[in-house]
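Presented as structure tokens, the chain that follows is alone, the form predicted on its own.
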Amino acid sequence: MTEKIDPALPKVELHLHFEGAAPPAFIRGLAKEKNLDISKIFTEDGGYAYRDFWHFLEVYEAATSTLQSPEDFHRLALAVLEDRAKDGVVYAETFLSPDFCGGGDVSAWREYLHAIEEAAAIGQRDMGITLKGIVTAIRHFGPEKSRQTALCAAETRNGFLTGFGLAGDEKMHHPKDFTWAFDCAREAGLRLTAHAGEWGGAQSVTDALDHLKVERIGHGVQSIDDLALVDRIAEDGVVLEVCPGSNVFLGVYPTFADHPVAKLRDREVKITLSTDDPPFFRTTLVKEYETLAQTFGWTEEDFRAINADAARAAFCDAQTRDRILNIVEGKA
């Protein structure tokens, strides 16, 4: 019999796209306020509508077109934090892109960042959630754009903005094309992650590790197709930000039972669990835990261990890490 997982179990979420976590009703409301017609991106029941991963990217960018000011992003941050609170999240990291927040201009980016930070402070005070930001270059926007993004990140690094990453279409460009941006971010003291092994195969994970020198991989699940790589990931302590529901919804794997998250964990790879773009994939973190428990027989003890690994892999200061660890391990 499958153990019932307490929905209030304290959780750590490390792979969350900020705009991708926007509730559809929130985006529709903004579109109405601004007289924007983006009705084609919604289904009849009010969700997001798209055909495949590449169409998803187009719909994602259409949704973000409603976010036009720092105040919009402040409101979005509060909406995202409220949803995380419902899932029992006590610590989250979210991917932010200056390309969507001020068009890549550093001065404008500072205003957007300040608005999001103010919301994060409210989330900490009123909801008990710690939120950190990871500046993310968009792969299909190209290497030159990533340099501008890295400079924005380097110039605004602070206690809230602690990481740098790469997201977008894995089939465009090679990780080595982004080494300048990652070197810049590393020199600024930012922690590093990159999307790989979601669509680009196991080789894309190897390339991200070799060329970008990241300590975490977003998704990384296709590494299971190269067991030597899996052993390398485990031995080097590279952490995978796994989003099972996202992978199944988009067809990377046909079902949860086919998903390699349990096999990776059995081979001593440190995995974390996240929702990626939850409203787009009709999921919540509570739903993910319930499905994983039913599929693999994982217990609350398993999830506590996974969340402890996530806390240790978090891009935050030692004091925050210790506090979050105490919460997820039931010591606080």
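Counting begins at 1, following the sequence as shown. Computed from a prediction, not measured in an experiment: that's the story for all the values here.
The discussion below concerns the form predicted in complex with adenine (ADE), not included here.
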Worksheet item: Exactly one stretch in 70-78, 149-157, 190-198, 173-181 has heavy atoms within 4.5 Å of adenine (ADE) in the predicted bound form; which is it?
Response: 190-198
Worksheet, complete the sentence: Checking 92, 230, 167, 135 against adenine (ADE) in the predicted bound form, the residue with a non-hydrogen atom inside 4.5 angstroms turns out to be 167
Discussion item. Does any part of residue 286 reach within 4.5 Å of adenine (ADE) in the predicted bound form? Heavy atoms only, please.
Written reply: no
Item to complete: Using the partner position in the predicted bound form, report whether residue 53 sits within 4.5 Å of adenine (ADE), counting heavy atoms only.
Response: yes
Worksheet item: Is residue 57 close enough to adenine (ADE) in the predicted bound form to count, meaning some heavy atom within 4.5 Å?
Response: yes
Worksheet item: So which bits of 259-279 sit within 4.5 Å of adenine (ADE) in the predicted bound form, heavy atoms only?
Response: 276, 277
